[in-house]
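Just one chain follows, in the form predicted on its own, and it is written as structure tokens.
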């Protein structure tokens, strides 16, 4: 016996420690209030589920808000085989599940292997309230803002007390504003007249739909013809506040219309600026201009297909690629067809119309007649929310910036480079330029290529607004000629002003006349305008223009 003691003692101690550890783990699992709360929610019948959820929300644990959110989202499940509570995200063959308590990933489960904890609308409303209360003290301001918005949907005295308590601690201006708005909307129902008047004074600066609806409710009458709000001072103050709010809403609506008009104008300028060179400077009626834009749009599509994992970068690759391809096609058209038709504008019109049909059919044969969708990068998606009444879409904002950038770059090329100098010289007096040693044929090809390349770049921008298809260019060819003629043939600044003017005019007319009639009205206006000023808004001056 005495020989066994030195060998058995360490082993016994190790086993004892292991046993104690297992006991501690088991005790911790058994005493975990979150686990017990989840078990109660799982076992509770529908009429007792709200009480179980309310009790669960009182547990002081960081996992509780996330589990309540999972329950609200329908992601809280339990396995039918062993009753284990898990969270699940939809996967191809069922759910990707994880342990609800520890977050440990458990692989996938079939749709019939798990069961969802069902809710009704009343329970969902309760959950939103509870989650809002729990997240109100989050360190993340965005989470707090969402919590306040959730709590303000159906405020009760307890919720309002929590918001009032938070008001003194909150530092984030957006959250602070949301709390004040929620409290002011609640105060509109206060029996105290002073509180109602103070609430209206707070709401006077807001523009949200909730505010307008609540203030309108003060001016409504019941079936007996009596106002729901008995105090005339409150009604008059609410009416004045509504007048101010509606005036601001009209202002923001006007700003939004101008923005959409400028963004439409940017598209028109991008579409017309290449034509301003080929038609305005060279005098060629290029009916294939729209198809050159289409080639730029298809180039964007092809580049995205070649770079499926680099969507953000593909757009920057597509811009020079589209310029190059459209410019090369443009040079081929000029060298192959147009150079034999200089001085015969009607024949260039017919020839380029034939080229446009050829390009459309070529694209149909290569890509099929169906439209192709070009993905928008994440940084161009979504919108900037200025306030409840005004938001600006990011893709149109970036296209507006892109238009101004392309315009500035083209202006610099024509003003400050040798190519620009030669283009201007040939455009003003071809014979004199040729006599001075300028290779006019090469300049013609380069000029047409430049205009065509700009059309390709316009196609890149259009691919972010609409689907890419063989008929894409036809939608913009008439508008492009309209902008060039209205702005003044051969004047880039005129093209810029004309494009933005027609875009804004279209957007202001559309609400009253509809999209089609608005275009017709704009066209009629341009026809009348051209009768008075045949050379457009900014006519060229000098001997060349008068020749």
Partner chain sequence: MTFPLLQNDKSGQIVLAAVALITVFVPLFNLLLPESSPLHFSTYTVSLLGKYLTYALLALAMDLVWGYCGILSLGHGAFFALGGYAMGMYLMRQIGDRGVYGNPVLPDFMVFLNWPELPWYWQGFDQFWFALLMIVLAPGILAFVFGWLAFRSRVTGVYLSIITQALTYALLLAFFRNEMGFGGNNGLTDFKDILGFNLQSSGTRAALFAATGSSVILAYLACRYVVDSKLGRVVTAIRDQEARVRFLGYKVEMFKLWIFVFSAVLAGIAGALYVPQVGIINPSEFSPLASLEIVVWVAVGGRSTLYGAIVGAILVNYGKTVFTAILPEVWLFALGAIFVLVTLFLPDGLVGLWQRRKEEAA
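For clarity, every value in this text was computed on a predicted model and none was experimentally measured. Numbering follows the first chain given and starts at 1.
Not on display, but discussed next: the form predicted in complex with its partner chain.
- Just one listed stretch, out of 64 to 72, 51 to 59, 37 to 45, 511 to 519, contacts its partner chain in the predicted complex at the 4.5 Å heavy atom level, and that stretch is 511 to 519.
- This chain is drawn without its partner chain; in the predicted complex, the residue among 122, 362, 409, 386 with a heavy atom within 4.5 Å of it is 362.
- A single residue from the set 112, 340, 379, 316 has any heavy atom within 4.5 angstroms of its partner chain in the predicted complex; that residue is 340.
- When its partner chain is considered in the predicted complex, residue 481 lines it closely, a heavy atom lying within 4.5 Å.
- Residue contact check for residue 344: one or more of its heavy atoms lie within 4.5 Å of its partner chain in the predicted complex.
- When its partner chain is considered in the predicted complex, residue 353 lines it closely, a heavy atom lying within 4.5 Å.
- Mapping the unseen interface onto this chain, residue 349 counts among the residues with a heavy atom inside 4.5 Å of its partner chain in the predicted complex.
- Along 281 to 298, these residues reach a heavy atom to within 4.5 Å of its partner chain in the predicted complex: 285, 287.
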